[in-house]
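Taking the form predicted on its own, here's one chain by itself in structure tokens.
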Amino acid sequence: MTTTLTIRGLHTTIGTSQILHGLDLDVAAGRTTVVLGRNGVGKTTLMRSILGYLDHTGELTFRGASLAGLPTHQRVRRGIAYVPENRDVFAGLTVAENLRLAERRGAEPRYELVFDLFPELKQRLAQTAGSLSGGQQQMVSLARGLLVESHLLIVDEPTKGLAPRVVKEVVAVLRAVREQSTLLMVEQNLMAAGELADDVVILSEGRIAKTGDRRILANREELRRYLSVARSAEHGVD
């Protein structure tokens, strides 16, 4: 199996607090890896470390080449795209302007693909992003991540704060996105994780507690131990 991203001995410290403690992780090409864990265990820190937003030590190898010392913009140019937690659209700009900001010099923007996946956005290009619903804003955020072809799409909690009906819509889109790119995703909603995951990583206190394929999600007792999940798989995890 080909590996798109290899992480060895990743340590990340924010201020005086060490958040990640020597993580080792392989992200397989053409698959969706879902990262689970209670709040505060380092899931978003892991994503931001890969992007180079946070200082870190350890070795990150992307498509056979080291990312050591590379700033965020150079990692993006190598083919890593990021859809952040809480969507982060530019509220005062139109949908069209939000998408244009994702264009990259020397790369062909894939507007046809974006509008195939998000036909509603084509009808709302002149609308300000801040006036969209939460689900529509998530579509804008995903569309920005897909506008330029990437080899790895990192998506941080895409269903967070969305109504169940909208969660199903986002999951349907992400299922289509899986055909376009390798996905590394943080997701607290177990229904969504179960629909999308090929591989599962469970973080606990800044360390990897468990890795495996999607069958991990069927072990309710183990999930309860790591995630404090007492609810059914149809509900999200706080």
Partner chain sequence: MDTFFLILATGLSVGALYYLLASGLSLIFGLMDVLSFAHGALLTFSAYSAIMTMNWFGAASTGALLAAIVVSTLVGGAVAFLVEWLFLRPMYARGHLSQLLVTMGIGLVLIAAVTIGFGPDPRSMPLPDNVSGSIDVFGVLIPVSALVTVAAALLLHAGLMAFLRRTRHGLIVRAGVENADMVRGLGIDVAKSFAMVFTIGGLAAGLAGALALVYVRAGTPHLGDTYLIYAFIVIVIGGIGSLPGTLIAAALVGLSQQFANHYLTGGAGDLLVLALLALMLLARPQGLFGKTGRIV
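Remember, it's a predicted structure, so these values are computed and weren't measured experimentally. Positions refer to the first chain, counted from 1.
The discussion below concerns the form predicted together with its partner chain, not included here.
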Determine which one of 75 to 83, 131 to 139, 114 to 122, 156 to 164 lies within 4.5 Å of its partner chain in the predicted complex, judging by heavy atom distances; exactly one does. 75 to 83
4.5 Å heavy atom contact, L152 to its partner chain in the predicted complex: no
I'd like to know if R48 sits close to its partner chain in the predicted complex, meaning any non-hydrogen atom pair within 4.5 angstroms. yes
How about L93: is it within 4.5 Å of its partner chain in the predicted complex, going by heavy atoms? yes
Under a 4.5 Å heavy atom criterion, is A107 part of the interface with its partner chain in the predicted complex? no
What residues in 94 to 118 sit within 4.5 Å of its partner chain in the predicted complex, counting heavy atoms only? E97, R100, L101, A102, E103, R104
